[in-house]
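One chain comes next, on its own, written out as structure tokens in the form predicted alone.
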């Protein structure tokens, strides 16, 4: 799997609406909130609550969930290191498009490799779109104890190969914008912390 473009005879076509004009017309600025963390770290739970909270505040937000994306856009990808990288490359592009449309894009992906998350960040930076990395941090022992999908149990028995945190690596963020110990704070507290942080981007 390669991220290099193989298309030929293509030209980028700018529209008539500038990002600034779009933000003024829709009365909000777009950005991407990128959740990363182990399976069962609470990423999707907090992301779902955040999406609901923002929508109830009148903020246009949309959540892109790791499992959900693999039912459609990325259903041809497995969990090899190469496929994981391509999975994140695609979702980075999609979240950038959502954010460019003046939507708050909320992504919830394990995204285990630091280099892939850095690439997603650079993609947004090159487009002058805010990228907020949220590290849903939890000890592996706690995530394994939660194990709502029974994945850790399957990984321990060898039924699932290349499982992040057990038989595949997870490279924790070094300088995330937001670091949440999800075993120490409530969902509501996590949502409040993220909401307060993004106020500066209004």
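Numbering follows the first chain given and starts at 1. If you superpose the two forms and keep the largest set of C-alpha atoms that fall within 1.5 Å, you have the rigid core. Since the structure is predicted, the reported quantities are computational estimates derived from the model, not experimental observations.
FYI, the form predicted in complex with another copy of the chain isn't displayed, but the following is about it.
J.: Just one of 135 to 143, 60 to 68, 34 to 42, 152 to 160 has heavy atoms within 4.5 Å of another copy of the chain in the predicted complex; which?
T.: Single hit among the candidates: 60 to 68.
J.: Taking another copy of the chain as it sits in the predicted complex, is residue 118 in contact with it (heavy atom to heavy atom, 4.5 Å or less)?
T.: Contact check for residue 118: no, nothing within 4.5 Å of another copy of the chain in the predicted complex.
J.: Whether residue 83 contacts another copy of the chain in the predicted complex should be assessed with a 4.5 Å heavy atom distance threshold; does it?
T.: Residue 83: no contact with another copy of the chain in the predicted complex.
J.: Whether residue 184 contacts another copy of the chain in the predicted complex should be assessed with a 4.5 Å heavy atom distance threshold; does it?
T.: Looking in the predicted complex, residue contacts with another copy of the chain do not include residue 184, since no heavy atom lies within 4.5 Å.
J.: Any chance residue 128 has a heavy atom within 4.5 Å of another copy of the chain in the predicted complex?
T.: Because no heavy atom of residue 128 falls inside 4.5 Å of another copy of the chain in the predicted complex, the answer is no.
J.: What residues, if any, in 155 to 181 have a non-hydrogen atom within 4.5 angstroms of another copy of the chain in the predicted complex?
T.: Result: empty, none.
J.: On a core-based superposition, does residue 21 travel 2 Å or more at its Cα between the shown form and the other one?
T.: No, shifts by less than 2 Å.
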